[in-house]
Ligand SMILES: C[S@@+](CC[C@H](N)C(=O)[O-])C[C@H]1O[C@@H](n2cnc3c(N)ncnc32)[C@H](O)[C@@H]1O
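Next up is one chain by itself, shown in structure tokens, the form predicted alone.
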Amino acid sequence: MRLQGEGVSPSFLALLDAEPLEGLTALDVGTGWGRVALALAARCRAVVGVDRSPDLIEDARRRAAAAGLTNVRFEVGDVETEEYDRWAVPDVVTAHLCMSGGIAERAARTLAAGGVFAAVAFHAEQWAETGRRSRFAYDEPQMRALLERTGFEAEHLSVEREVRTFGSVEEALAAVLGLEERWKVDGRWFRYVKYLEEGGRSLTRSHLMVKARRR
């Protein structure tokens, strides 16, 4: 059975599929409503998903119950500040669009030698048209350096990139409507509007796929 997950890159799931998941315990940090955790539950011995949003955790629990999954549980917690062994002793740690140096460090502390860390991070080119790089974005050399520093051996790094093009300013703005408030706070919104006013009609989605093994 191949892993399938709503809104999760098939390439990322293929990286996990290569592992003998049937006998393993997985910890999904920053799980959100559980898209990766629920996909893993179909194959893993046990799965724990953790997120700091109680509402998202309740949603994940409802989805697990509706799917009849009994080997997955969801906990409220801050994966940026709390140690992971309070929730599980995992063989695999996953982080889907929730990536930082602190997460890599905590994953390394909880995984034994040979344990797998798999992540989807924002790539440096994510939303390049806004003229501002996210502090949570990485390019390939930065990710390799982070993995090396935290005790991992990188096995796979690849970039998935999609450039959307729009026929009008209105269409481009409609595509990022849900990001408006956040982008106004960090200055991206005004830079993107300026880019559109100057004739730009694109938006780049760029993610970095990561698979590493604890040394």
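The numbering used is simple: start at 1 and walk along the sequence shown. Note that the coordinates shown come from a computational prediction; the quantities given were computed from them, not determined experimentally.
Separately, the form predicted together with the named molecule exists; it is not shown, and the next lines address it.
The single option of 104, 111, 79, 121 touching the named molecule in the model of the complex, heavy atom within 4.5 Å:
Exactly one residue meets the criterion: 79.
Candidate stretches 169 to 177, 58 to 66, 31 to 39, 155 to 163 - the one whose heavy atoms come within 4.5 Å of the named molecule in the model of the complex
Contact-bearing stretch, as computed: 31 to 39.
Verify the contact flag for residue 52: yes if a non-hydrogen atom of it lies within 4.5 Å of a non-hydrogen atom of the named molecule in the model of the complex, no if not.
Residue 52: contacts the named molecule in the model of the complex.
Does the named molecule get within 4.5 angstroms of any non-hydrogen atom of residue 98 in the model of the complex?
Yes, residue 98 lies within 4.5 Å of the named molecule in the model of the complex.
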